[in-house]
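You are given structure tokens for the same protein chain in two forms, set apart as structure 1 and structure 2.
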Structure 1
């Protein structure tokens, strides 16, 4: 996240794809997250070009025109290269984030955070947040099925996009209500069990470090070191091929 070096981002993108393949996570299980991330990436890239069509010129300090588009807007190499870095930024991080959410046990992650010095209250909050994501997905699916059983069409192509969007928005209110009820139940259960009374706590799901864990930490440290070294060599966050 601290570098815009194209070479490192490209290598991390390849690594992210390899890790996804090795993990054997089924794409069908996370396709919604992938599609949402892909649409957001395209939208973000497009809006950057629309509102700042020559931001790359400011970043790299040179200007090489390719063609004239409309009015005072030109297509320049620096802007295209900057947008390429934005895309690589997404493709190198999104698969890893999705993989982390899909394969990490929240309780084990919370215990690990606590072992490295993070307060167990904060660690448990992170655990609850990670558990909440699949719960929201299941709740949304259940509400969608219930609404369709009552005759509210959600995916029919015969209806306009705005109509389907309105029907989808009608599920937000019951989803918010059910979420608030779940939060109250969890808060009451934690209070009844005396959560936060002591300064330390034990963990049921704690695991000892293994060789694979040490290897992963070393790889992460090397990637961080590479980002810092490339920043020093490049004289900043960006790799500039135009100089």
Structure 2
């Protein structure tokens, strides 16, 4: 997805929200992920504005000033429009990514990856990685609590950014050590049951290709085509309302 066409992004955002509702994923299950991406989005937009307040002008080639803010910084229409595109880019992708993570059965995903030609060892690594996310989250929680009990403050505003970074790193140390142990155990368990002896394997969770699958593939191809066509019409990645 390379497009920054505002109309397409807006349409995709609507689609993403609709799909999210249809999927019946409980909001409470994915709340944390949503918050995390939301904060990240705000931070990203804000930083773009701070570091390059007139980036929109370079993108769209015109300059419509609204007012003067401070020092050399002006509020410019093109910049606001550009930032709107950034936000739309987030809103059109985040729900879909969250949906993918929360509805995909890692095993089915691995077997499907393998079917389209990805080596099963890689497919299985992906599946294991997805599977261990909740375990590692739980472990991180335990570790961070134990460290807090010893006076390590994670989210305190009293500390400098560097200090906080250092504190976070000291939590990663135990997390990495215990993850390494976990990897050793699972690798042994897999090898003991014959993982990796042949070039191919079969899948217990293999699913046949259905009409719904063909339908989704077609929809995806159409969306990709739309973004390419719009790119040609706009003569670039951006839709420009200023000319």
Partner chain sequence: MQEREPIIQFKDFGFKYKSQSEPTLYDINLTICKGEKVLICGPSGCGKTTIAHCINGLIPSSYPGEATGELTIAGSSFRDLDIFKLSKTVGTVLQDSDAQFIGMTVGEDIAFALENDRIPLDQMRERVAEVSMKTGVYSFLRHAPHQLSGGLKQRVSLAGVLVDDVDVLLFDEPLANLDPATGKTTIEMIDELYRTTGKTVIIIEHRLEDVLHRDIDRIVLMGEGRIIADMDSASLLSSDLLKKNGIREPLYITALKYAGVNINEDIRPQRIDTLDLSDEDIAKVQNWYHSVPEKPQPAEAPVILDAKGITFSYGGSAIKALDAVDLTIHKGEMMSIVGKNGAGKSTLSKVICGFERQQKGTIFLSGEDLASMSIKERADHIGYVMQNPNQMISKPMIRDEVALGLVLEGKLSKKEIDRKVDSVLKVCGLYPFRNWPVSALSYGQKKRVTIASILSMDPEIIILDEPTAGQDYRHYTDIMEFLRSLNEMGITIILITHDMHLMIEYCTRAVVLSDSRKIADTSCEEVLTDSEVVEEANLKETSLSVLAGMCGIFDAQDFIRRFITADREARK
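Positions refer to the first chain, counted from 1. Keep in mind that this is a model prediction, so the values were computed, not measured. We call the rigid core the largest set of C-alpha positions that still match within 1.5 Å between the two forms.
*Asks:* Which number goes with the form predicted alone?
*Replies:* Structure 1.
*Asks:* Just checking, between structures 1 and 2 and with the core aligned, does residue 26 shift 2 Å or more at the CA?
*Replies:* No, the C-alpha position differs by under 2 Å between structures 1 and 2.
*Asks:* Does residue 71 move its CA by 2 angstroms or more between structures 1 and 2 when the core is aligned?
*Replies:* No, its C-alpha moves less than 2 Å.
*Asks:* Honestly, after the rigid core fit, is residue 52 moving at least 2 Å at Cα between structures 1 and 2?
*Replies:* False for residue 52: its C-alpha shift is below 2 Å.
*Asks:* By how many angstrom is the CA atom of residue 190 displaced between structures 1 and 2 after fitting on the core?
*Replies:* Superposing on the rigid core gives a C-alpha shift of 2.5 Å for residue 190.
*Asks:* On a rigid core superposition, how far has the CA of residue 170 moved between structures 1 and 2, in Å, if you could check?
*Replies:* That residue's C-alpha is offset by 7.4 Å.
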